[in-house]
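Heads up, the chain below is alone and in the form predicted on its own; it's given as structure tokens.
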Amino acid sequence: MTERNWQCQQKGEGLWLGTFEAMKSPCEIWLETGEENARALIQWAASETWRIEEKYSRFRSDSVLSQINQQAGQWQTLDMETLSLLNFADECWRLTDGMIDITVGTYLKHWHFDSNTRPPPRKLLKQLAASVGWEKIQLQQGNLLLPEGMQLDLGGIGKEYAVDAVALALAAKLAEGGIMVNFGGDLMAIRAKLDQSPWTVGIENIVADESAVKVISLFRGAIATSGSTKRYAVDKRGRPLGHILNPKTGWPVAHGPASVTVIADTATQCGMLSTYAMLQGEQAEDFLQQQDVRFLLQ
């Protein structure tokens, strides 16, 4: 595994902040414990996050995900962690009527969301649509058959999975004391602080980066944001096209919010709902009002 750096800083009496970079995001681990224990747990959390990133990155030829894509057309046996992730992807696909679909990796090979590059031709996307659709996947007793020409991408659920996995593991390792895991604004507070005060979380203002559009007090729960303000392509008129693709067309949904933040129980739940809301376009707010969760649209 590539050598990376992490840091640990004291932020109050018994309160420690661990920081590192992963998944193209700044990552934070907040813990209430002693210094020696904090350093050991933060080092473990960073290593575990990097392990998950490297295992499921579509940008690494040696990742498990890339190996799955490279072996399309033949049966493959999955390890338990990968099987669990794909079962969650299946659940997301079913709960969203096929709108959250990890087979959009077929389209993503031709998109470059660098705020500068033009989108691929719609004619090409129409041709690729035949190789998109979770219903074409066969997943039986821990074995996967990915049809030839199809590509999986876990970018839509991977970071939230990492947040929940690391937070739950830290709670098992640390008997008491507050714990919050924050990966680039997708976060989970697994336990309130010892004095029962909440974690204070600012939701980034997409217009003014230095300010928070809303401040949330979180005792326990999760927050995740989906949006098109940082990763986007541009059309021929220079207008931004967000990175969340409609799996039916391979094209971003138009006329929706720029950003959706959801507050719920787990980061994976928040991520699924915020992404699905983005895919609702103009109906995003109506959809979220029916879900019995707190949310913020920008």
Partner chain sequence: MQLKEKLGLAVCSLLTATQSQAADWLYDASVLSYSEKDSQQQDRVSVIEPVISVTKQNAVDDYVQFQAVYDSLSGASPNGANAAGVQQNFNNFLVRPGFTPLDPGFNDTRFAFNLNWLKPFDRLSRYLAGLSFSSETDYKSAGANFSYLQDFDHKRTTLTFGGAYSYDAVNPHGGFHDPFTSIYALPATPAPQTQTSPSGGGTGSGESESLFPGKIKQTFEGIFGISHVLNRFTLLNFTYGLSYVNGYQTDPYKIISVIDSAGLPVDYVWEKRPGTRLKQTLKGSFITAIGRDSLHLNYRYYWDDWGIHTNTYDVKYHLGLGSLLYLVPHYRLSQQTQANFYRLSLNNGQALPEFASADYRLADMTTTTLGSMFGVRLNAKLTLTANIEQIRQTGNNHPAIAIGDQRRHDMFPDLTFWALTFGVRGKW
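Numbering follows the first chain given and starts at 1. For clarity, every value in this text was computed on a predicted model and none was experimentally measured.
Same protein, other form: the form predicted together with its partner chain, not shown, and the subject of what follows.
Next item on the list: Check, residue by residue, if 81, 88 and 292 all come within 4.5 Å of its partner chain in the predicted complex, counting heavy atoms only.
Entry: Checked in the predicted complex: all three residues contact its partner chain.
Checklist line | Stretch in contact in the predicted complex with its partner chain, which is absent here, among 195-203, 124-132, 104-112, 156-164 (heavy atoms within 4.5 Å) | finding: In short, 156-164.
Next item on the list: Could you spot which one of 259, 69, 57, 269 gets a heavy atom to within 4.5 Å of its partner chain in the predicted complex?
Entry: Result of the distance check: 269.
Note to self: Just checking whether residue 44 would be counted as a contact of its partner chain in the predicted complex - the rule being heavy atoms within 4.5 angstroms.
What the structure shows: Although its partner chain is absent here, residue 44 would touch it in the predicted complex, with heavy atoms inside 4.5 Å.
Note to self: When the contact criterion is heavy atoms within 4.5 Å, does residue 176 count as touching its partner chain in the predicted complex?
What the structure shows: Heavy-atom contact with its partner chain at 4.5 Å: present for residue 176.
Checklist line | residue 28 within 4.5 Å of its partner chain in the predicted complex, heavy atoms | finding: Flag for residue 28 set to no.
Note to self: Although the partner isn't part of this model, could you tell me whether residue 51 comes within 4.5 Å of its partner chain in the predicted complex, counting any heavy atom of the residue?
What the structure shows: The answer is yes: residue 51 has a heavy atom within 4.5 Å of its partner chain.
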